[in-house]
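A lone chain, given as structure tokens: the form predicted on its own.
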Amino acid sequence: MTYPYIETGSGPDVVLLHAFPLSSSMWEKNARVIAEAGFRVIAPDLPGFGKNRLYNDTSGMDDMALGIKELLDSLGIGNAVFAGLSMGGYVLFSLLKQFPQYISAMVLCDTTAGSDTEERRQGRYELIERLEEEGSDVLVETMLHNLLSTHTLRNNVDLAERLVEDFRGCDPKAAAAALRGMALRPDSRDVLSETDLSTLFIFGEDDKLTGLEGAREMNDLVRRSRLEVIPEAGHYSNIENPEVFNRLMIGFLNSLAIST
């Protein structure tokens, strides 16, 4: 059984990989606009999120990448432009290692190619313990204020409230499984430095988790890349400022068509 997914539009294939602890629905304000620009957009639900109820005790990034590969095979897609945000970026790094032939170009958003520091890894394990004891409300308490920009928290109450509901609706066991997988992921800077793929980095200017310093470091590793910074956005840049995000995505996609 392949991953559940949403699909819209027709044309060159674009695959969107969502962040933790959200689902394909996080791309709602992006997928339609990208499709209207002439692309077929596919956004899968990663294990344990959205309509994907199948997951193991540890949802490893390599296993998720294999699931994406199997989905593409089932759809008859030989390669596509991939965009991954945060955890979706981790899955994209694993795809790049295991199945590079499926990727024609990349958009890496608010993510990091490095493995977790020991402090960060320990923080994930502590969060897993709290999830098991307290449920998904702990995700709201511990994460949400760091994920959104100050501007969003002050000026977009509707978005913040919607994310609260999304976080609370997350299966705590699935969230714990994904946290284990992220804690165990390897450093991917080597594979990133070796790629010759056209790559766009998109980061929120107020991303408190991955940050612009790390974005610049990754951008320096890739020969054919550029970095774009979205104002008034944090870690969830695609939903905090979707208009700018969509413009950057579509501009990048159109430039690929011109260059080929």
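Just so you know, these numbers come straight off a predicted model, no measurement behind them. So that there is no doubt, residue numbering starts at 1 and follows the sequence shown.
Not pictured, yet referred to below: the form predicted in complex with D-malate.
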Next on the checklist: Which is the contacting stretch out of 34-42, 216-224, 51-59, 230-238, given heavy atoms within 4.5 Å of D-malate in the predicted bound form?
Outcome noted: 230-238
Item to check | Contact test, all of Ala19, Arg124 and Met143, partner D-malate in the predicted bound form, heavy atom 4.5 Å | outcome: yes
Checklist entry - Hey, in the predicted bound form, does Arg180 get a heavy atom within 4.5 angstroms of D-malate? => result no
Item to check | Contact test in the predicted bound form: Leu212 vs D-malate, heavy atoms, 4.5 Å | outcome: no
Next on the checklist: Since only the chain is shown here, I'm wondering whether Phe82 would be in contact with D-malate in the predicted bound form (any heavy atom pair within 4.5 Å).
Outcome noted: no
Checklist entry - Contact between Lys173 and D-malate in the predicted bound form at 4.5 Å, heavy atoms? => result no
Checklist entry - Between the options Leu131, Leu163, Met87, Leu96, which residue brings a heavy atom to within 4.5 Å of D-malate in the predicted bound form? => result Met87
Checklist outcome for this item: Checked Arg168, His151, Arg120, Arg189 for heavy atoms within 4.5 Å of D-malate in the predicted bound form; positive is Arg120
